[in-house]
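Take a look at this one chain, the form predicted on its own, written out in structure tokens.
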């Protein structure tokens, strides 16, 4: 069962899979060539992170992620009337920034698993995770600027703005872990920065490289921003109730990290007995010296209180609401109907995914 039932259950998973595969097929060769520019051992560490090799350096066919962002970058080029190939540099640049953030986030959050494998900092150490993340960020700008066109300069400005917002969001996320209360509005602002900004960039960068004007790019960016909020809402649900076999993370992963994610914040704001009890437990958790040794049952209790207080259902509804806003934004762009349908299908996929 999907973690968020779709308002439009007729999601054609085969079509979506084809779009995601196209994004990988067109962008991965360029991505690998760009990553090969890194000095040793950063090239090896990055190759491990992307799933191209295992810990022993042997070729691997690892899970490199869903590749939603590259797929969106190629589609945005088509939305502007260009060939999908026009969006490849943008797809690669956005994927590099996304993975820069993953490398750093895993270290900051203490996550030991990503995509069913040990994370980079766990295998190669924190220093390599930081250095390789920094290097990927630098490469992202290099990939765009070396095109040497006016459109490349416009695309780079959008990417750097999105990157700064992404970093703002991560800083907010970390600070919220140490606060007893965070409002729903603050949580949505944080998630709009941390996830929405880069997805918004992915949805406009291909169009910019394809020659679109700012109005078209801004409208596609609005689609991507709200899609990002829907995406993060689903991530927040998976972070508590997701199947570890699908997500590649521990059970109750966000609760273990004391994250103030949407289900938690919505539950605390709901009022009522379950909300009050949850607030008491989380306040005690923040002061606990043995939090890391909590049992599965203790985390399950907190998850049950979040659900009883309505946090799970509110977040599911918010994912659907943001999905609707995203799809409606597409009506503001004159694009081939086939491309509109594909962007809608990707939005549908975001709210019914299991990982």
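Residue numbers count along the first chain shown, from 1. Fair warning: this is a prediction, and the values are worked out from it, not measured in the lab.
The next section is about a form of this same protein that is not shown, the form predicted together with a further copy of the same chain.
Residues placing heavy atoms within 4.5 Å of a further copy of the same chain in the model of the complex fall in a single listed stretch, namely 142-150, out of 142-150, 280-288, 198-206, 112-120.
Taking 218, 85, 276, 134 one by one, only a single residue has any non-hydrogen atom within 4.5 Å of a further copy of the same chain in the model of the complex, and it is 134. Residue 160 is the only one of 186, 160, 251, 257 with a heavy atom lying within 4.5 Å of a further copy of the same chain in the model of the complex. In the model of the complex, at least one heavy atom of residue 164 sits within 4.5 Å of a further copy of the same chain. Taking non-hydrogen atoms only, residue 156 approaches a further copy of the same chain to within 4.5 angstroms in the model of the complex. Among residues of the shown chain, residue 104 is one whose heavy atoms approach a further copy of the same chain to within 4.5 Å in the model of the complex. Taking the partner from the other structure, a further copy of the same chain in the model of the complex has no heavy atom within 4.5 Å of any heavy atom of residue 300. Within 4.5 Å of a further copy of the same chain in the model of the complex, a heavy atom is found for all three of 108, 130 and 168.
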